[in-house]
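Single chain ahead, by itself, as structure tokens, in the form predicted on its own.
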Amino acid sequence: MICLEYKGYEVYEDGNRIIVRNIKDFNPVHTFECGQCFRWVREADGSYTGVVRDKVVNIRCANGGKELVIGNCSAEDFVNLWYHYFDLGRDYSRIKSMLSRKDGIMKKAVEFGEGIRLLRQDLWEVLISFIISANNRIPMIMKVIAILSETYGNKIMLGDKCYYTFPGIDRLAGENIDALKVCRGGFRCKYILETSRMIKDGEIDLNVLYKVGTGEAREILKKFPGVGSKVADCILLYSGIKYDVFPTDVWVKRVMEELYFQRTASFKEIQEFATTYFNGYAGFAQQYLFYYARENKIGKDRNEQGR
């Protein structure tokens, strides 16, 4: 096996896969099923297969979580894509320790989702994905995105299976509303088309989001149809642009009321509390709390399902 040392990790090439050693704070179940992404599918053996940009890989952890095995991947791919995508340059042990000291609730949430890492996903894909997510459930979101990619993306093969890249801006902007309805996105198809055309026509430059403060970035995103404050915060957080946001929908509001306020609280109140209490790590706190609350049915009516 060929070994590469890269920023504290030992990367071994073994045929058409790599083995990354010295992995910490990474559990694929926690990371891929905490609500931040929609293109990772769990296989029968417990591994996950996903498409990122023009790459399709299979991911699993080994050796008690200390090794990350990435199939259909080279050491060069790890350096150029996966190290950044999995946020492997960030010390999550320090973040978890800091958040756990806040209170007993946060300590339980961190322990429950100890293997969560916030993915640094493609901004364009996250924008469209979370427009699709509005008032929608995860299985349906995944289905809509899969159909959209199969219809308008490029084919990639892994073994005898076909996968598809997420369609580009120009590809979607050139379509019409009737054609887009094939993805079964309902009223969101109009939002997808309008958003694509706004970007293609230069009405909004997504690169600006990296250069401005959180409040201004949120307001820019809210210019897109179907993007409110919560969706905007999801886009900023799950693309790795801003970590001081605290995406809050009606259910997260109830979770915070139950766990922290013990009374009815406004969205503004919750946002202000999270921003101050969790400082610049509100996004990490939200993800641990969301996963913990969803899996333990905190803040939900009995008949409700996870988003």
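Heads up: residue numbers just count along the shown sequence, starting at 1. This one's a predicted model, so the numbers in the text were calculated from it and none came from an experiment.
Only in words, not in the display: the form predicted in complex with the DNA, which the text now covers.
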The listed residue (K155, R137, R94, K161) that reaches within 4.5 Å of the DNA in the predicted bound form by any heavy atom is R137
In this chain shown alone, the residue from G228, G213, G104, G89 with a heavy atom within 4.5 Å of the DNA in the predicted bound form is G228
Looking at 218 to 226, 164 to 172, 204 to 212, 105 to 113, which one sits within 4.5 Å of the DNA in the predicted bound form if you count heavy atoms only? 218 to 226
Non-hydrogen atom within 4.5 Å of the DNA in the predicted bound form for each of K143, R184 and R254: yes
Would you check, heavy atoms only and a 4.5 Å threshold, whether R117 touches the DNA in the predicted bound form? no
May I ask you to check whether E33 falls inside a 4.5 Å heavy atom distance of the DNA in the predicted bound form? no
May I ask you to check whether Y191 falls inside a 4.5 Å heavy atom distance of the DNA in the predicted bound form? yes
Contact flag, V250 vs the DNA in the predicted bound form, heavy atom cut 4.5 Å: yes
